Each structure stands twice: as structure tokens, then as C-alpha cells.
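Next up: just one chain, as C-alpha cells, the form predicted alone.
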Amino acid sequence: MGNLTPEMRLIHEEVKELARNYGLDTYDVVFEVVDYDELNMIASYGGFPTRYPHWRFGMEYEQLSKSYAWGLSKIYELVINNDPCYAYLMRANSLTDQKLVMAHVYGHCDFFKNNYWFSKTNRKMMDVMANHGTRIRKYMDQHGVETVERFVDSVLSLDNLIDIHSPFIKRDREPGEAPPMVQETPKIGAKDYMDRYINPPEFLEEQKQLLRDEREQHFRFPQEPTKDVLKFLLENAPLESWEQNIVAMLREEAYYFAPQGMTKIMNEGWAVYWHSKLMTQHLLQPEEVILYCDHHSGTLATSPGQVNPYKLGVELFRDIEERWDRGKFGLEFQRIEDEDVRRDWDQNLGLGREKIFEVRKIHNDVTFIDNYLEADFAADQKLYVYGFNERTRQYEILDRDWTKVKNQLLWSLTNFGQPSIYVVDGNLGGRNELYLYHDWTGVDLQFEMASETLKNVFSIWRRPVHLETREEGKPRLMSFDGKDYEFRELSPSKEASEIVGTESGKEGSQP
């Protein structure tokens, strides 16, 4: 399969054999050779050659094409999580680059197949994307291009309002399913003459209240706060059938792409690890070394104040491999305080390769950083906290404390660094108004973006929408009724349903 030249086909066979000998396990990999314009087009579609028509794809294509034409950027590799895996090679690249890309792709394909966070993804997504495109084109023919594209815009603006962990959660019952209904007040078994002592009236009243609470919980809408806002809208918003289908399709695509965002550092680091090993130990010819080093170093280059996932990922994998090869882990090693002893510690365990395969299998970026980024690594890699200094009015290094570096990385990676929003009530005050809650972690919302989000939620829910958040630690309520926005202070002593839609609630309104 694919359209490789005979020479590139031989390189592919060599790379495949080397990858298997090292223990990489992939689906079949199909390489397609395309020119730069075709590659930019496929990249603008997120790596899929066929998608639904939408202006954002054209905008992305224009940006990629101009960036390539002006020499600002160049796409070296593009690979799709699919069975088989599809990867694209630019026809104009040198053979050295083609070798590098093939080796890099095999690292990605091994990661796609074996990392747990990709285990719930659809492995036939190439076909699914094409089907989605066909169906949306059909809706455009039926309902008009502008109408459908406007609705697609609204849904796409909300495609981050999903619960990225929900595919891995096993529930005793599905959301919305009724809990077992107990017909009688539960009592402790006892003989008749002991019943009034074993089950006194206050105990029975307590059990009745618990039963009432359970039944009331069943009738809440939703029963408990849900993070998958798109699913809630799909199931409960007053949508036409074609609109429901579009929400379902775009939500499916959002869940397909989510693991890539959850494992960006690991995935790229793993691919760099393997392309560097295969190239330097097997594939490179002497005359190719300089070109390879130039392109490889460009991949790992890091700008001040930014995280390069390729660099951070590969260096952390190498650090883990070295530590487990030398036995620099466990309680005995952690108790060593002498820096010279720690540096020279080597038990020759040789467990590094086994360990990095284990890490590749079970972790995502958050757990990868949380478990394996330590003080020695942060110092070796010269990691620091970068930010704006209010005193000097300049961006500069604020701190080199490795724990603060780690915490800032974890904060930026959790939920992709985006706010966590939950649906709390779909029938606020009995008026079918939607109540959302922002799980505030010390960082305020960007209110301009939050306002647009409320507007797009309203376009799907079609009733007023409210969002509880905080501004500088103070409770705030944002509301949109289809025409006007309102910003109000929330009193801790009152529920939102008590102030929404009342005149007294408008006392704290802000312009």
C-alpha cells in the first residue's frame, strides 16, 4: 500500500524491522508521498484527507501555506491514529529526512496502539471522518450552507466542554437511570418484642428522610453535576434531528482528539526517543550526519518561557531510563543526602528499557510529570518559572524552585489548562434555564471568551444560560438571555435559583 518509490520502500522495510526488533508494536503503517500543497491541505483537516466543509479548515490551510512559502515553518511528519496507521511524507524532503520521519512515525504508532489513554479511541476514524463529512454536506444541501455552518460554529466553540476521563469510568448505572426504589422504610431485623428497641421512632424517621433524599436525588436534572456539557446538550436541548446528529458527530471527534492533547509531551518524546536511536545507531550514513543533526536539533530547540514537548518528553524518558538502569529510585536512594553519592550511584540494574515501555503504556502527561519530574532533572534541564514581574514590568525568570516548576506544568496540563465547567441544573427555578458552574482554581475566566461561550450555549439550549464563577475570589454569576449579558454578585447565603429572575438579584448588577 502507499505510493513509495522503490528506494523509500526499502527504507521503510528497514525501519519497520528495526522497530520490531526493539519491541515497538504497531498496526500496519501506510506511508503516502504528497507534495507540500497536499500536505498542508491534509494538515489543515487535522490529518484527515476528507472532512466536512468549514471555513476554519480554509483559514488553517492559508496559514500553513503562507508559512511554508515564506520559509517560516515546514511540516516534517503527519501521522493518524488509525488501524492501519496512515502517515504522510513530503515529496521534496531529502532521503535523510524521509528516514527520520519514518522512524519518528513508528514511535507514534507504537504509542497510539499501546498507551492506555488511546485504548478507547475509534481505530477506524479515517472512515468515520469521511462519513461525518458526507452527512454534514447532506444537511447543508437540505437546510442551507450558512444555517448548518453557523450551527457547526456554535458546537465547535464548545467541543472542549467534555469530560476527558469519562470513557474510563465504570458506573453502576448510567446517568439518568433510576436507582433502586425501596418501597418500605428499611428496618433492622428483630423479633417483635424487641422491634421498638432495635428500631426506635427516631431511627425510622431518619431512614425515611434518607429514602426521601434518595428519591429527590433521582428527580434532579441532572442527578449530579456533569462535566460533559456537550452530552447534556445533546440529550436535553430542544434540537432538530439534524442538529442532534451534528452535536453527536462533533462530540465523537472531540473525544477522538482528546488523548492527543492529554499525551502531547509523552507522545512526542517517545517518537523523538526512537527516531534518534534508530537514526544514530542504524540508519544514518556518514554523509547524512550534519543534515540530521541540524534538523534534529531544530526539533528540540526551546524558546525562553516556552515548553517544547519534544524536548521535555524525550529528556524525561531518557532520565527515567538512566535512573532505572542505575537503580536511582526507591526508598534507599531517596534517603541519600550526599550529592556526590547520589550522582555516582550505580547498581547496574539495567531496568531502564523495561521501565520506559511501562511508562509509555500507562501514563498521560499529568501523571508522567507528577511521578517522574524530580529535583535533579529540573536542575539538569535548567527549568524555571517564567512570568511577568510587576516591579520591573518585564517578563523574566521568577523562580527556579523545582516544585514550583512542576506545579506550574501540572496546572497548565490539567484539563489542557482550560477551565472546568459543569452542568448543575437544567431547570433552574422551574423555567428550563441552564445553570453552569465553573470549578474555580484561583485563575479567573477571560470574561470576553466566557461571554461568547454563554452565547453559543444559548444558541443550542435556547433558554437563558447562567454561569457561576469567581472574580478575584468573589462569587459572580454571568447570565445571557439571548439579548443581554448580566454580571451579578452572588451571596453565599443564597442559592442561584433564589436570585436569578428576581428584581432583588439585580441589585449587584455590573455594567
Partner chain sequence: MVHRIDKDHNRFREIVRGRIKKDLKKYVSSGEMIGKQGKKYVSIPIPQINMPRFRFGKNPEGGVGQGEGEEGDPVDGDEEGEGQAGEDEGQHVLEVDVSLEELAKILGEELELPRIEPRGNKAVETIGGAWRSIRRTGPESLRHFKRTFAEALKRQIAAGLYDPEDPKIIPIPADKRFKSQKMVTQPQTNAVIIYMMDVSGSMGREQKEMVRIESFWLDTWLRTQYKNIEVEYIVHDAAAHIVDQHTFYHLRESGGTKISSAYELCLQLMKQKYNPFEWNIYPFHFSDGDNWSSKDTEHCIDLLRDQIVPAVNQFSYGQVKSAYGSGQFIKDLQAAFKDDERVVCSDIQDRDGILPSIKEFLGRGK
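All of these numbers come straight from a predicted model, not from anything done at the bench. Numbering follows the first chain given and starts at 1.
A second form of this protein, the form predicted in complex with its partner chain, is not displayed here; the remarks below concern that form.
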- Indicate whether its partner chain has at least one heavy atom within 4.5 Å of a heavy atom of residue 341 in the predicted bound form. no
- Message: Within 4.5 Å, heavy atoms only: does residue 462 come near its partner chain in the predicted bound form?
- Response: no
- Look up in the predicted bound form whether residue 482 has a non-hydrogen atom within 4.5 angstroms of its partner chain, and give yes or no. no
- Query: residue 92: heavy atom within 4.5 Å of its partner chain in the predicted bound form?
  - Reply: yes
- Item | Options 271-279, 412-420, 330-338, 360-368; stretch whose heavy atom lies within 4.5 Å of its partner chain in the predicted bound form | 412-420
- Consider the chain as shown here, without its partner, and state which of 123, 165, 318, 438 has a heavy atom within 4.5 Å of its partner chain in the predicted bound form. 438
- Even though the chain is shown alone, can you say which residues of 394-425 have a heavy atom within 4.5 Å of its partner chain in the predicted bound form? 394, 395, 396, 397, 398, 399, 400, 405, 408, 409, 411, 417, 418, 419, 421
